[in-house]
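Just one chain follows, in the form predicted on its own, and it is written as structure tokens.
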Amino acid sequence: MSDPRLDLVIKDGIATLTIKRADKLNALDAEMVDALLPLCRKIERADVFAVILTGEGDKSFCAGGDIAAWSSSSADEFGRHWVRDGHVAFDALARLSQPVIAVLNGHCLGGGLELAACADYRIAEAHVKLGQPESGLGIIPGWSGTQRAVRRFGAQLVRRMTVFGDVFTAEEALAHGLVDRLVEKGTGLHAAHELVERLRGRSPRATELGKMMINAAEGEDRERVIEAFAGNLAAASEDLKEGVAAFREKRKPNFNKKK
């Protein structure tokens, strides 16, 4: 499944994913949400050491979920499909093995902030605003804005946005830890590529493992991380070779009991 409004370019070990729906402030509809998951799988399996996530234009990084896409849904459809599908797609982005850098080149509100929260590093251009204004529409953040966002930004900051409707300027967001770097308007992508060059000089394997461990410490994908590490150790052992050989030769395995 693909969608031309999600543009993925892989070049020189860098995956750049751009939301190309500027006429709708880069809001996501159901088809775009569905297309995000296979794109994440493509990135995961590609020869990529860094990911840059951004939006088209300079008005909005992502305005979140397109109101027209979900407002006519029944309560059952909304919970079963819109919210769940968004979680699956956003989880895949947050759990990529490669570092993800979000370039907030426009306002980052609602689901857009939830999308930015999936990144490992957020660069905000000076003109942007950030917040979770869903309660003004009679709804709550549905794509982990009360879960992942709390783990990454802290409960009180998310409470101010979600319950009280606080919207922060880029400068305030930097002070509160919502973003990691503040740059001038129009320079976010340049700053992201500078950061990528820093990553280029670091061990990709160590970087991947470090991200996995930090995610696990946050409660992000902890079960898979633990089993991935254990599986890696088992796969590197002589026991695996002996076990597979015994299976193929239809005999009992002779495991080495020495530590």
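All values reported here derive from a predicted model rather than from experimental measurement. So that there is no doubt, residue numbering starts at 1 and follows the sequence shown.
From this point on, the text means the form predicted in complex with a small molecule, which you will not see here.
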item: Interface membership of residue 27, the small molecule in the model of the complex, 4.5 Å heavy atom rule; value: yes
item: Proximity of residue 59 to the small molecule in the model of the complex, heavy atoms at 4.5 Å; value: yes
item: Touches the small molecule in the model of the complex: residue 66 (any heavy atom, 4.5 Å); value: yes
item: Touches the small molecule in the model of the complex: residue 110 (any heavy atom, 4.5 Å); value: yes
item: Position in contact with the small molecule when the complex is considered in the model of the complex, options 12, 249, 23, 238, heavy atoms within 4.5 Å; value: 23
item: One residue of 155, 163, 175, 137 in contact with the small molecule, assessed in the model of the complex (non-hydrogen atom, 4.5 angstroms); value: 137
item: Region of this chain that lies against the small molecule in the model of the complex, out of 90-98, 147-155, 175-183, 129-137 [heavy atom, 4.5 Å]; value: 129-137
